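Okay, so here's just one chain, in structure tokens, the form predicted on its own.
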């Protein structure tokens, strides 16, 4: 454990990438869609960009810091939130200061611009809270626990996998899965990463999982994986909301790690036109209150389907099947 000779800010500091875009000379900026970001694994994959030979990337980032950072009477002043991107392979270090979204607020937001030539493969992005303490400026009073990875080569935003997948026959598998023998898959959001348990006893499941290409089996595989991802988003959302830490005044706190990031990603669609903190309070009050929780379920499902790209995959699958039908009739 590190020991600092000055007061430090207690509480969780989190970082997230809200958007990414790239720019090539004499070409319009390309805004990358949500497939380029994984809030579970905290990775943004710039290799998904369609723009060839892009030279600069701009990341829109936000950070959440404890409210005590800007309270009056704190042992520090001149508080600033700084995002730092570092690539050890090229010895590159890029920083950007974020701005508070409201007076004395916990949410800070800004942009970080990087040059493609400065990054070799993967760079690490972190957030720091700095302030003047005991008359000394620039002291780090808090840091984000979980960093992000900026990958300039990969076309998949993963450290390893966005969620864990385990193939098992439910009939003879773990006892808790044996009660779900007629289900094709079950999501467990209680572990370090959400896990999809795939029932290999389910007829046709193994063939579909191994299918690739644009044939019927490959198209079904894509839509099945998208639906699995939507189920993961829903399971993680409910798991996180059901296990919130509550302050003495009844205010819910965002969970640490990927559970908190999933909530931050989904809440704008679940409770629109609210700040993240207000949206979390609204969801918590409905869940523990007498009414209102049931009415939120369609919006939770909608938010999960959007993040899992279900509408896009479904449309592409429908078009692919129609194309195959027309080819067969020709």
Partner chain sequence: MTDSPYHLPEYLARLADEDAVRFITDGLLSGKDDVPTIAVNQAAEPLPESPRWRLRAIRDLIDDAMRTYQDNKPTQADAWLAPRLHSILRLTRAEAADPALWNYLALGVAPDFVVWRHLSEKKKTVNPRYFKGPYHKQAFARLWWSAELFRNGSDYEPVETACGNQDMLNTVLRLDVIDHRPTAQALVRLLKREIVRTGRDANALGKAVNTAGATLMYDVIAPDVVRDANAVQRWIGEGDEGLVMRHRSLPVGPAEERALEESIERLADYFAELFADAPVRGKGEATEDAEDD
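Everything numeric in this text was worked out from a predicted model, so none of it was measured. Residue numbers count along the first chain shown, from 1.
Just so it is clear, the following notes concern the form predicted together with the partner chain, a form of the same protein that is not shown.
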(message) Whether 178, 203 and 323 jointly form a contact site for the partner chain in the predicted complex is the question; each needs a heavy atom within 4.5 Å.
(response) no
(request) Could you confirm whether residue 238 comes within 4.5 Å of the partner chain in the predicted complex, counting heavy atoms only? (result) no
(request) Using the partner position in the predicted complex, report whether residue 56 sits within 4.5 Å of the partner chain, counting heavy atoms only. (result) yes
(request) Would you please decide whether residue 155 lies within 4.5 angstroms of the partner chain in the predicted complex, comparing each non-hydrogen atom pair? (result) no
(request) Evaluate residue 228 for contact with the partner chain in the predicted complex, applying a 4.5 angstroms cut-off between non-hydrogen atoms, and reply yes or no. (result) no
(request) Name the stretch: of 67-75, 133-141, 194-202, 169-177, exactly one has residues whose heavy atoms fall within 4.5 Å of the partner chain in the predicted complex. (result) 133-141
(request) Would you kindly say which of 189, 123, 82, 234 lies with a heavy atom within 4.5 Å of the partner chain in the predicted complex? (result) 82
(message) Can you work out which of 207, 212, 243, 182 has a heavy atom no more than 4.5 Å from the partner chain in the predicted complex?
(response) 243
(message) Using a 4.5 Å heavy atom cutoff, which residues in 87-102 contact the partner chain in the predicted complex? It's fine if the answer is none.
(response) 88, 89, 90, 91, 92, 93, 95, 97
(request) Can you tell whether residue 142 sits closer to or farther from residue 284 in the predicted complex than it does here, judged by CA atoms, where the change is 3 Å or more? (result) farther
